[in-house]
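Next up: a single chain in structure tokens, the form predicted on its own.
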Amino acid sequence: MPTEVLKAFCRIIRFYDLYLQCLKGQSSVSALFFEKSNMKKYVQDLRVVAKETPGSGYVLLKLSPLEGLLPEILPGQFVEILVPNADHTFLRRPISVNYVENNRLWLLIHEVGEGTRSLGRLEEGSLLNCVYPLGNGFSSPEEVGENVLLVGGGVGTAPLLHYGRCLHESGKHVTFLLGGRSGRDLMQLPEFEKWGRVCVTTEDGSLGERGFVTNHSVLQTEKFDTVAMCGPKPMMVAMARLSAELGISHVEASLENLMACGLGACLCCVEKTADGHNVCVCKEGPVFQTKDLSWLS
């Protein structure tokens, strides 16, 4: 993309962000809300009340409102974060909701660029301006079968923790299938074990079974009614095709397309559907039924 076009694009997105910030001051609780997907969305300052390092290059931030309670946040939704004290980071960063408990919102951040590295340097007590909860999440427990397989790769395991707890508390039988290049890439395993059985694959064989998640023996020995997943797109496409071969009809994927505004305005995150149309992942997704995408054709 030409430099001038990129700068103009950033100015447009920054305008949207400033507009939201102006509206934010209209509320006595420092929150703007608007309707999307039948849920209120907020622009709100959240405080970092705890910070952990679950793995090399990763940071877990736990955020709480300055006053009051967090709104309802569904598994699979995400947050757009304004990166503080980063002069060259113009756009908010989209981060999946990892977990919610005790009025704390957990965000697992992979430090891969200037923006996420700036977030990783934050200390307890810092404030983060967040637009949340955004997007459409995973299917509710009432919409899925009894045996649910949750598949994650790398940092894509993050949204499955919140979803796994919700499914477990609804009486579903949950199996987590988590993959990474090595055991160092797999995080929060004790947390996952609270809500279901955990199966692991690593490419180097350092933990669990050697290979990709699609190679794990549990897929050949057990039957699942529903699959939900998040991670690298090649992994999810392969898992979607394998699920179709196994006769699993309810298969969902949480997409990680490049996002800028989180509101469907910038068209950065479009994904092609099975009928040839394009949808905005941030607004119509990020969770889709894989049969509705172009992956199986």
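Residue indices: 1-based, along the sequence shown. From a predicted model like this one, the values you see are computed outputs, not experimental measurements.
Separately, the form predicted together with a small molecule exists; it is not shown, and the next lines address it.
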Residues in which of 193 to 201, 221 to 229, 151 to 159, 168 to 176 have heavy atoms within 4.5 Å of the small molecule in the predicted complex?
151 to 159
Here the chain is shown alone; which of 205, 113, 125, 84 has a heavy atom within 4.5 Å of the small molecule in the predicted complex?
113
Consider the chain as shown here, without its partner, and state which of 75, 133, 94, 180 has a heavy atom within 4.5 Å of the small molecule in the predicted complex.
94
Is residue 258 one of the residues lying within 4.5 Å of the small molecule in the predicted complex, judged by heavy atom distances?
yes
Check residue 187 for me: does it contact the small molecule in the predicted complex (non-hydrogen atoms, 4.5 angstroms)?
no
Does any part of residue 139 reach within 4.5 Å of the small molecule in the predicted complex? Heavy atoms only, please.
no
Within a 4.5 Å heavy atom cut-off, is residue 105 in contact with the small molecule in the predicted complex?
no
